[in-house]
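Only one chain is shown below, in structure tokens, and it's the form predicted alone.
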Amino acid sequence: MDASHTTPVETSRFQMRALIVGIICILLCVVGAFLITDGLRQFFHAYLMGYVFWTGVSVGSLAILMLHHLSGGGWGLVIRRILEAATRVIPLMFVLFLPVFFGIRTLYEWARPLETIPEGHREVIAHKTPYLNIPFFMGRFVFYFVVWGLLMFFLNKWSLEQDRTAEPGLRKTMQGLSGPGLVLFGLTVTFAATDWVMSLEPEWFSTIFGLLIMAGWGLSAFAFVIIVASRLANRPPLAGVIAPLHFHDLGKLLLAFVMIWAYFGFSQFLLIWYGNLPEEIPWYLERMRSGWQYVGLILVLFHFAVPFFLLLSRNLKRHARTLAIIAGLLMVMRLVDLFWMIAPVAEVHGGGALGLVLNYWMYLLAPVGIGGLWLSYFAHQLRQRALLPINDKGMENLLEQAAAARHHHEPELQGIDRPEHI
């Protein structure tokens, strides 16, 4: 691999720091699980929240990668290696599911013996037992990761071969896999969302819930990629290649995902409100009282309204640092959204402000802990290959775009310091 195309040396230092932070946060959560009241229950729910979030970044990156292979465009070329590195974290997420497996009876009411389930829920759960049972649940989990793993493996394998051989037919090969791959992505994410999150309350259901999680995973992945691209953009080899017009495209796509998430979220609420069915409305009623309504209001404001109006600005989308700040806000809001979905199931009560800290601190540390492990492995994978697909035919157009931007005296990267000032 040409040294001029590798990641900056700072990546290796970040890799070690992320690993240390991840291990410390996970250990603190494990200690807390055994020291505080009802700590084990809180630990498993907090861990599930972090697990779903970071799995979403990896699998969402896989979907965006396939979308790029189908549609082409310079926006996808400049982030392709970032996307590919994120997809190669999928095997780690397979391993990190282990705590969820050990906590399955704590997390999921349907996984407990039928006679221990409250009588009001027993009939509903018994009716769903052919689908909601531990062996089938684990079988589906393995199936999801087999599908995601195979798509990841072949897309990364052919991309590496393209770097080595410059074989033009590999581009069509990756494109040919990406069409069916997106269909498989939609199906597997829908069922994974049902299994991992919706079945926390097995008496509740929503036919649009899988689409809502799918949009959230795509949004998380896009936000993450924008943050990484903005950090690498004025360092070789991306310096002089990635231009404001590419961040403009990424900003437009980020806006599209914000709107899609809001559309699915509002559609789910509207349909359940209009239907007013007793098996559906308790899910929202629980999240519209006892303080959870304020979390919902935060989501409306900062997951949709504020990013939506900010991302309407053309200049802002071309300003790499500001766009990265908005992307960071959206990643935080993705965690808040999952917190709003998952934490009420844990049935934490009372305690005032101190009680909130004691009861919910693991919902902060668990995602940071899993994220530290995820980011460390991601940084390792990012260092394994060139940061640009050097033998892709689209690179010629990409370099021409960057040269044209410089010729018209357009700043290469607005809002990011030059390398000598970093």
Partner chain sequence: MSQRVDEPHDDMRMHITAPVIEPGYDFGTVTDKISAIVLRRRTPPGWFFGFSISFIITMILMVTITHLVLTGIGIWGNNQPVGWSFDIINFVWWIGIGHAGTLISAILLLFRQTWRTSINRFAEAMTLFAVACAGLFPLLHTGRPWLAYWLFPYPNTMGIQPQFRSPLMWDVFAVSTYGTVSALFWFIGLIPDFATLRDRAKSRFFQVVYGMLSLGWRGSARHWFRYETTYLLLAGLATPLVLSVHTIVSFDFAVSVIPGWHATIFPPYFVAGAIYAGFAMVLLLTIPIRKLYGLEDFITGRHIRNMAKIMLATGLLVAYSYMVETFTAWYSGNAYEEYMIFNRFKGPYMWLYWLLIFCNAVAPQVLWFRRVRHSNVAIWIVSIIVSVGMWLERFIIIPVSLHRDFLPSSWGMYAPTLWDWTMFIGTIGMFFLLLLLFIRFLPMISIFEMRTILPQAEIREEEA
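Numbering follows the first chain given and starts at 1. Bear in mind that the values here come from a model prediction, so they are computed numbers and not experimental data.
The form predicted together with its partner chain is left out here; the points below concern that form.
- Highlighted residues G72, Y131 and I272: every one comes within 4.5 Å of its partner chain in the predicted complex, counting any heavy atom.
- In short, of 225-233, 153-161, 73-81, 332-340 it is 73-81 that has heavy atoms within 4.5 Å of its partner chain in the predicted complex.
- Its partner chain in the predicted complex comes within 4.5 Å of a heavy atom belonging to R171.
- By the criterion of a heavy atom within 4.5 Å, G39 is excluded from the residues contacting its partner chain in the predicted complex.
- Though the partner is left out of this view, E280 does reach within 4.5 Å of its partner chain in the predicted complex, counting heavy atoms only.
- Taking the partner from elsewhere, Q384 is found to have every heavy atom lying beyond 4.5 Å of its partner chain in the predicted complex.
- In summary, among the residues L96, V241, L299, L245, the only one with a non-hydrogen atom within 4.5 Å of its partner chain in the predicted complex is L245.
- Here is the short version: of A346, L253, I117, V306, the single residue with a heavy atom within 4.5 Å of its partner chain in the predicted complex is L253.
- Interface residues of 203-238, taken as those with a heavy atom within 4.5 Å of its partner chain in the predicted complex (partner not displayed): W204, F205, S206, T207, I208, G210, L211, M214, in sequence order.
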